[in-house]
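Only one chain is included here, represented as structure tokens and corresponding to the form predicted on its own.
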């Protein structure tokens, strides 16, 4: 079953709704992205910088014969940029494909929908627009990211 947000849902034997997330790390924080939005994971890529681009643009990369705009999750979070190779999640959104630069890609995690917590009310507006709540894990939190909110077209419109 797929919801309107594109999340893959399945029910286990106890009728609990289970979601599948790809885990990624930026700094020390663990984030999750619904696997239904991920087209591919590309490791060890060095994006080409784009002069005069907004700070959230991580650069351009060649992807299957096309040029793909990447979004730097580090820059969106206000973390210092890192040089060298990055892992890129190729994501699909309503306006097309784009890449999300992360420090590292982890494993696919299954989370229980009952463990979802909404964004706290004290979260600043910038982060509230990026995050879609969190899931409680035994070893910490998995902060949910919505690819539609990370789309470079949407981010560019919001910055203007």
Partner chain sequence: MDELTREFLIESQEGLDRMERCLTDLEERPQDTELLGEIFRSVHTIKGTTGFLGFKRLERLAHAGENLLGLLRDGKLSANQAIITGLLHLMDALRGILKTIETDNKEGEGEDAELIGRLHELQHPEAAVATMNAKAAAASSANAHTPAPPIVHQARSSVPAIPDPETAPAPVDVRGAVIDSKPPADAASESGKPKTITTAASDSTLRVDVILLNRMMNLVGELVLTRNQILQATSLDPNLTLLSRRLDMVTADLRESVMKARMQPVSNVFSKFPRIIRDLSQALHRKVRLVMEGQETELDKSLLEAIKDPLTHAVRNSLDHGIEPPDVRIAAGKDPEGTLKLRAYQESSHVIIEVSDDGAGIRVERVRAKAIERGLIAAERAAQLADRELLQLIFLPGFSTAEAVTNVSGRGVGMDVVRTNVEKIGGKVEIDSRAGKGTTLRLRIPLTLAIIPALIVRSLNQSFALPQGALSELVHIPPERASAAFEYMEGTPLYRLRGQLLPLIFLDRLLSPGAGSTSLASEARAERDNFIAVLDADGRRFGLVVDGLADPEEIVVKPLSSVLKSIGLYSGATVLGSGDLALILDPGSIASRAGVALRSNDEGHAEVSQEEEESDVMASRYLLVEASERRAAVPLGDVLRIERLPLSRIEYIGYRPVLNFDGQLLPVEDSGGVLAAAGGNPNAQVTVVVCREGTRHVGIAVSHVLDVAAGDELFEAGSQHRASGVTLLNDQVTGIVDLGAVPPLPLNPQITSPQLTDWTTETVA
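In this text, all values refer to a predicted model and were calculated from it rather than measured experimentally. Numbering follows the first chain given and starts at 1.
Omitted from view is the form predicted together with its partner chain, to which the following refers.
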property	result
Answer option from 30, 61, 42, 111, heavy atom within 4.5 Å of its partner chain in the model of the complex	61
Of 57, 105, 134, 130, the one that lies within 4.5 Å of its partner chain in the model of the complex (heavy atoms)	57
Partner proximity in the model of the complex: residue 94 to its partner chain, non-hydrogen atom cutoff 4.5 Å	no
4.5 Å heavy atom contact, residue 119 to its partner chain in the model of the complex	no
Close approach of residue 152 to its partner chain in the model of the complex, 4.5 Å, heavy atom	yes
Residue 53: touches its partner chain in the model of the complex, heavy atom cutoff 4.5 angstroms	yes
